[in-house]
Ligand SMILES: Nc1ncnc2c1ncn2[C@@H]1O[C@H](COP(=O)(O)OP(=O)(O)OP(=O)(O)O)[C@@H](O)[C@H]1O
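One chain comes next, on its own, written out as C-alpha cells in the form predicted alone.
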Amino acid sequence: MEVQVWLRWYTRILDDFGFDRRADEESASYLDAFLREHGCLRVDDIDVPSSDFIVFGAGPSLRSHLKRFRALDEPMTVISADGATTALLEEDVLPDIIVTDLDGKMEDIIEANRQGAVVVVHAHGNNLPALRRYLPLLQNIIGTTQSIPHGCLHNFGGFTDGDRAVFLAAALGAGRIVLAGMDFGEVVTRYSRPDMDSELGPADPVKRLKLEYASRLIDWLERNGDVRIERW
C-alpha cells in the first residue's frame, strides 16, 4: 500500500477512534531514535524461507489452525501477530517474524526473538511506556509507524497487528498468504488479551471496530495487491 493511500485510511481511523496523531508521532520518534542508536533492520535484511506465507492471528480458531499447519509438509514463512506468538511456542513452532505493538505476553515474544525471530515493533500513541520498557530487551528489530515513515521506520500499511502482518508479507514478496487464527468476530482469546482469566471472552466495541478495519484492509489488499490470500 502506497503511503498516500494509507494516509486516507489513517485519517478515518483517527476520526473513528479519537486517536491523537501527535501521540502516534511522539512514539514513532522515540522508536526511530532508539533504532538509530542501537541498529535497525531493513526489509532486505529479513531471511524469507518461502514465498508462501502464513500469518497467525490470535482469534478463536488459532489452536485448530496451528494443528492444521503442523500437519503440512511444505515450507512456509511464518509470521505471528503479537499474542499469537504464545500459542505458537506452546506448539513448538518458532515464527520467522513477529509483528507486535508490545501488548502480547512479552516474555514469550522476547523468548522467540532470542531464538531468532525478527521482531517488527509498531509505535502508536498508546504504547510509549511499553517501547521504553521492552525495546532494550529485544534484538533484530524493524520499526513501523502508522504515520509518515522516516528514518528507521516503515509503514507497510495495516492497522492491527494481524493485518499489518499481512501487509508486511506482501511487502516481502509473498505470492500466497494464508490467514490462520484470524476470525474478525466478536470473541477474543487469552492470546489476544493476556489479562483475561478465561480462554475466551467477548470483544469490546473498540476491539470489534479494530477487527472490522483489519478485515476491510485485507480485503483491499486482496483486490489491489499482487498476492493470493487464502482464508482457513
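Start at 1 with the first residue shown and count on from there. In this text the structure is predicted, and so the values were computed from the model without any measurement.
The same protein also has a form predicted in complex with this ligand, omitted here; what follows describes it.
Student: Please state whether every one of the three residues Glu26, Phe34 and His150 places a non-hydrogen atom within 4.5 angstroms of this ligand in the predicted complex.
Tutor: Answer is no for this spot.
Student: Thinking of this ligand in the predicted complex, which stretch from 156 to 164, 130 to 138, 89 to 97, 111 to 119 has heavy atoms inside 4.5 Å of it?
Tutor: So the stretch in question is 156 to 164.
Student: Could you spot which one of Arg63, Lys207, His38, Arg176 gets a heavy atom to within 4.5 Å of this ligand in the predicted complex?
Tutor: It is Lys207 that has a heavy atom within 4.5 Å of the partner.
Student: For Val187, is any heavy atom within 4.5 Å of this ligand in the predicted complex, or not?
Tutor: It does: once this ligand is placed as it appears in the predicted complex, Val187 has a heavy atom within 4.5 Å of it.
Student: Please run the contact check for Leu211 against this ligand in the predicted complex: heavy atoms, 4.5 angstroms, yes or no?
Tutor: Residue-level check for Leu211: yes, a contact with this ligand.
Student: Taking heavy atoms and a 4.5 Å cut-off, does Ala81 contact this ligand in the predicted complex?
Tutor: Contact check for Ala81: yes, within 4.5 Å of this ligand in the predicted complex.
Student: May I ask you to check whether Tyr191 falls inside a 4.5 Å heavy atom distance of this ligand in the predicted complex?
Tutor: Flag for Tyr191 set to yes.
Student: Out of 88 to 126, which residues reach within 4.5 Å of this ligand in the predicted complex, heavy atoms considered?
Tutor: Result: Asp101, Asp103.
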